[in-house]
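The chain below stands alone and is given in structure tokens; this is the form predicted alone.
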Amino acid sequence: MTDSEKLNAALTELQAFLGERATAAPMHRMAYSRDWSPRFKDMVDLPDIVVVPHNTDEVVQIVQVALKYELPVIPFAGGTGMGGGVVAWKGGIMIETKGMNKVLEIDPDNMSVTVQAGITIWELNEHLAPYGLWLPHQPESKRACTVGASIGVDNDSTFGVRYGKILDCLTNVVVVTGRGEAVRMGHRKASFSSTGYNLMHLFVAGEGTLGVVTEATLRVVTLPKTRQVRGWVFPTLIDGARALERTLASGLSVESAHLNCRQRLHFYTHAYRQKYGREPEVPDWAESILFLSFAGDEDVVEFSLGKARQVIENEYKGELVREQEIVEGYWDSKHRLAFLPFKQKWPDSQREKKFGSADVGVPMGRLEEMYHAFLEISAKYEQQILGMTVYNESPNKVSPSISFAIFVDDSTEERVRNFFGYVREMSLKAVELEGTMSTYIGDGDRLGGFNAYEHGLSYEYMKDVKALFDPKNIMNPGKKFESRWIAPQGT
């Protein structure tokens, strides 16, 4: 059969059980042609077919059709990823997962919830709120980001320093593998297990290359009664990091911790500028700004704030941000997503240039080195600096997950390739500094092959794992092992 005949036959079989929820209409395919990753503005990657399943059984049938005709399968969620992880650059069948958005069980006695993977994190927490519960995994994209997407990419959370990332909440998943089989993996509702292999872990950051996550069971926590957010400025980045480390070592339970360079504050105070019509005032000597939140019972929060101030201001000479409106504007942008109508940082900040980032991770003691490399490498590739934010994503420890963000001019292919040159050198520098190339965006269509520089011989084992779960290489092919933008190291 020709490629065209395969696609027509596959579409006919898909429509037999999905009806209008399977389409090859260009207007529907266009909606799935790209994500938020920087790329030439006129660049479009169309899937051949778009399907909208409602349950695991339908996904099994879809994958079996794909296997029969050897067509790629790409799961699509909110489309807010920045690494090209959902781009159908090899065509194939795009699975719109948001048709699977049901809450299957809320179990308050066991602090657990089971959902279909296409539900957004925002919607899930609206269901949990009447029970006084919430899922603390909270990416900034939570209005669009689904549970399945958080599993697939392993994105950062606002509250990672207390609750960790999605794996810290996840207890089991149902996955449709590249063999066309639905498999449950994990440890039911238990917090952990030492029996068998932790196969579920492979799907966290798997980017749909091993299978499609259709259901997930997650641990949830009690909604805090109160929350307080404060900010402090420091003369260096490492001062802010050390102050955070000492605050945690004092015994305090910090709910969120984000360390920004002074340039990055501009991006996160969009709401402040819209409200007050001016830039926030930051001392000329300040090179970093640490935002912390504390949550829980009111008396505990008040004590925690007092102790944090004692540590940060007395021992590390941090200066409290006096204008609390700056902090509130930051928190509106980071967590509340409270913006003036039609005046949001997304997409207001994207109208002329696009947000791009090198999302590397390095140990705490190498932050200053990595920051100075950021300044040099961005200048080398003529990138406009947006700024640096250090997220912390392991409970109760300084665990840098860093966004080295720039504004990307996507008007020409050359300028977009300059951005990926910047990502390449930043990635190499991070590995040189005993870190990693990516902490929350993933490989996507940018780091595949090139990431072998970080993983060495284990990269070959990863290929074997891929072949085990996906013997015909139909699951999101091209991701993790190929790149359209960055050549493998040594070529």
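Remember, predicted model here, so these are calculated numbers, not experimental data. Each residue number is its position in the shown sequence, starting from 1.
Keep in mind that the form predicted together with a small molecule is not shown, yet the notes after this line are about it.
211 is the sole member of 318, 211, 231, 356 with a non-hydrogen atom within 4.5 Å of the small molecule in the model of the complex.
The partner is absent here, but in the model of the complex a heavy atom of 153, alone among 265, 153, 166, 161, sits within 4.5 Å of the small molecule. By the criterion of a heavy atom within 4.5 Å, residue 117 is counted among the residues contacting the small molecule in the model of the complex. None of the heavy atoms of residue 400 is located within 4.5 Å of the small molecule in the model of the complex. Using a 4.5 Å cutoff between non-hydrogen atoms, residue 327 does not count as a contact of the small molecule in the model of the complex. The small molecule is not drawn, but in the model of the complex it has no heavy atom within 4.5 Å of residue 223.
Highlighted residues 75, 97 and 440: every one comes within 4.5 Å of the small molecule in the model of the complex, counting any heavy atom.
With the small molecule omitted here, the record of contacts in the model of the complex names 153-161 of 103-111, 182-190, 412-420, 153-161, defined by a heavy atom within 4.5 Å.
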